[in-house]
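Coming up are structure 1 and structure 2: the same protein chain in two forms, each one given alone as C-alpha cells.
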Structure 1
C-alpha cells in the first residue's frame, strides 16, 4: 500500500535529500544533486523503481521516530517480540562523494534484521550490474556507481536484481551501512567512518540550530521549519530549492504533478526572508551571490527559476515508466513555467535584497546595479498581463498580486535610495512608477460592490495572494479594503478554515483539469492577515491548527486536503515552511508589541 506523503521523513546533506518511510524504506533519492536522476524512485512507482529498506524481519511499520535534537539525523524506533532497535539515518554534509548512512543500534534484547537494496538508476528505469569489490558491493550503470559497505559479519547476497542482507543486532551493538555515489569512471571513493560522520553531522546541525534567534510560540516547529529550509539550500552555490521532489500530486490520481527541484526566484526570496528573520545572514549573502551569477545578462532574459547552479534550460518532460504516486500521472521532470512571464518575481527579488541590506549584509555594487537594471525593465513591462505567482497555464491576465509586487519593486528601490542617498539612481522616477501602479491597482483590481480586491482586473474571482497586501505595505492593515478582502477570501476560498489559493472549479484561470487541496502557505497568510487586522485570537487559533498539521517529524507538503486529512503535493515544500516561520514572527512581534 502506498504510504501517505506525510509518512516520509527528510534527510539530506545540503546537496541532495532522501525520503525515508515509516516502513524503514528510503523511497526517494537523487544523486549526486537535488535535480539529478533518482536512483530510488519507489515513491513514484513501486519497489522495482528503486528503494532501500532496513527493518526487523517481518515488521511493517516503526513504533516511533523523530530527529535527534535539532538536527536532520533521523532516529526510527522498532519494537519487536524479541527486542528493540533504533535505525539512525543521515547524510553527512560533504565536500566529496555523497553518502547515505544507516546505523542500526540494539537497544534491548536481540532483533533479527533484514535489508533489501534495489538500485535503479535514471528514475527507476535502469537495473545496474552489481559485483563484489573487497568489502563492498558496487552497482554500476552508465555514469553512475553506488558502493555499499557494511560490517563483515552481515550476510549479504544477490537476489532478483537486488542486494539482500540479514543480521542480528543485540543490545548495545551497532551495525552500520554506508551507501556512496561516485562517478563510475573514477577510482573507488574514499572510505568514511560512519560513527565519526554521525558525530560530525550532529555537531554541524547542533551548531547551526543554536544560532536561531526566534523566541515565541511553537518554537520547536519554527526551528524544524528552519532546518528544513536549510536542508533545501544547495550549499556549493547558495541556490535554494522549492522542494526536493517531483510530481507528488496536488490531487490523488490527478495530473497536477510538477517538478520542484529548481530554484524559483520567488520561493527562494521568501525562504531568505524566513532565514534572515531568524538570524541566518550567511545564507542570504550566499543566495545574493547565486542570484547575481544566475541572472547575469539582459534583464529581458530573466527567468523565474534556475537550476541549483544557475542552469537555464529546464525542459519539461514526462517519465512514462513511472505510474506516479497513487497512480497520479504524468511524472514530470523540468518545468514549463520556466518560460513564463511572472511580474511578481521582480518585487520579491527587490524586497529580499532590500531586507538583506537592512540586516547588515555588506552592500555589493553589482547587486545594486542588478536592481537598477531590473527596475528599468519593469518600468517598461509592468503594464503587461502575466502568468502570475500561481504560474497558471491558462491565458495571461492582469493579476492583482503581480501588480502589487511590481509596486513593491519600485517601493524598495525608493526606500533604498532614501536610506542611502550616495547610491546612484533616480528616486523620483521610481516614486512616480510606484504611485502610478498603486493608483491603477486601486482603480482596477478593487470591487467596491463586494468590498474586496479580486484576482485580476475586472474579474469576479478571488485570490489568496491578495492577503499579502498589508504584509508588503501596499495598504495599511486597517484600510477597509484590506479588511473586506480578508473577509471575502475567508468566506469564499476556505475549506474547514484552510485556504485555497483560488477557485479551480471552472479550470478557466489555471487552464488545468481536476481539483487541488487547500494551499498551506495561503492559510498561513490568512493567519497573518487576521493578526494584522486585529483578530488576534482567530489568528492564533488558525496558527495552532496549521502547526497541528505538521507530520510526526514536523514536515509540511505544499497542500492539505481537509476531507481526507492528507497532505498533498511536493514534500517537504519550502513555501509551507516559509509560511509557518512567517506567521510565528508576525504573532511573536504582535505579542511583544502588546
Structure 2
C-alpha cells in the first residue's frame, strides 16, 4: 500500500466505519457491523481485495481535507489544471440499512472525474455477481447485497470485475453516489435522499459535539478524540470498539497484527472517566450498561473482551489470501487473547462501576450483587499468575499491574460500602484483602536498588503500566517509589521521549518475535504521572508533542515509530484517544487549581 496508516480518515454511522485515503479511495469497510466481514479490504492487500475510489482523472492525492465543523463528515479538496472539486464522504446514522454516501461538488472550473468500485465480500475473497436494476448496480454474493446509485444518474460500465464511471462536474454542480447494503434475501431498502441525509448528519454531529464541557488547551484535539470515541460506539448496545480495523501492524512486515474490532474491559474505567469528565453522561451510562450485560454470569468465565453486543465467542483465525498491510502477515480475525486469564479486568470492572455510582448514574439493582460475585472469585484467585494487561503470549507471570488492579477491586468495594452502609458485604474482609495485596506488591514487585516497581515479581523488566500506580490510588504521587518508577520508565522505556509498553528485545515476555513502536496511551500516562509528581512543565511539553502526532484529520493509531515518523497499529485506536482526553483534563484541572 502506498498510503500510510495515518493517511486514512474515518467515517461511520455508529454501527460500522470506513477508512478513506488521501487518494480518494475507501480501502476498508465492514458491513453491516464493525466486526462483520469486510467488503473493502484493500488496506490489507491491494485494490483487487475491494475498494471504492472517486477522484479527478489522473490525480493521485488530494490537495487538502478535513472534517466539516465538529462532525464525522469528511471533506476532501482536489485541485486540478481545469478546476477544483470537493468530495464529501459520510455515513448517516442509519434507520435500518447502512449507507455510504459520496457527494462530488464542483467548486470552480470544470473537472473530469473517475470512479472505480470493486466490491469483494468476505474480506476481499468473493467477487459478487453484478447486474443492473432500475438505474442501479446491484452486487450479490451469498448473504450480502449492495446497491449503487447516483443522483443525478451517471452512466457506469463493468470492467475487470469492477464498476466504473466517468463524468464531468462544473462549478456549482453536484453528483451524489449512494452505496447501500442489505441482506440479499430481503427487498431493497427504501431510498434515502443523500443531500437531506448530509444536512441531517451535520446537524446530528453539531448537536452532539456542542455538549462537550472541556474548555482547556488543545480543545480541538479533545473534541476530535471524543467524536472518534463516539464513532467507535456500537449504538444499539453502547459498547465501544477498541478500533474499527484488524491486523494493521505494530511493526511493518512483522507478525504483531491483531484484530481490535471488539470491546475490551481494560478500557472501561478510563473510557468512563473520559466520557464523564467531558459531560457525556448518557454515553457513559450506556457503556456501564453494556459492561453489566457483558460480564453477567459465572465470574470464573469473565473475559477480557467481548463483541459489540456482548458476544463471547471471538475465535482467532488467519486469512491467507490477504498479504497484509506492507506485507505484514498474518492477517487475523478474532482474537485468541479472549481466552486468557487477566486479573486486572476485575479491578477495571469494579472501578468502572464505582466511578459510575460516584458520578450519579443511577445504579442498576442487580449491579452490586454482580460485584459481590466478582469479588468472591477474585478473593480466591488474585494470588495466581496471569497473562497481564498486555495479553502476552509468553508464560503467565505475577504481573505488577494485575496485582495493583486486584487491590483496586478490593479498595473500590470498601469505598462503596463506606459510602452506602446499607449494601450487603464484608468491608473488614475486603480491607484485609486490600492490605495483603498492597503488602505483597510492595515487597515483591519493588526493586529497592533501582528504586522502581518492575513488570512482574522478581523481574528486572519495566512496564509502562506501573505509571498508573498513583492514578488508581495505590500509592500517593509523592511517594519516593512512585517518583523512582516514573524516572526509571523515562530512562529505560522511552524513545525520543515517547514510551514503549515494555522491552520486547528478547521476546521472553510476550513470546513474539520482532519489535513494536512506542505506545501512545503509555506516553499519555507518562504525562499524567509527570504532572502528578510535580513536573507540570515537562507534562505539558510531552502532551503538546503527543497532540502534534495526530494526523491531518486529528486521528491517532495505537503506536508511533519515532525513527520513521509513522503511526502503527490499528487505526484509529480508542485507547490512544482516551489517553489524550484524560491527560487534557488532568492538565486543565491542575492549571485551574493553580
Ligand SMILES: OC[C@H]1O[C@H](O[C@H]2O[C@H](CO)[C@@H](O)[C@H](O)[C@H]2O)[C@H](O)[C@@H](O)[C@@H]1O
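What we label the rigid core is the largest C-alpha set whose atoms superpose within 1.5 Å from one form to the other. Numbering follows the first chain given and starts at 1. These numbers come from a predicted model, not from an experiment.
Two forms of the same chain are shown on their own. Structure 2 is the form predicted alone.
Relative to the superposed core, residue 151 undergoes a Cα shift of 2 Å or more between structure 1 and structure 2.
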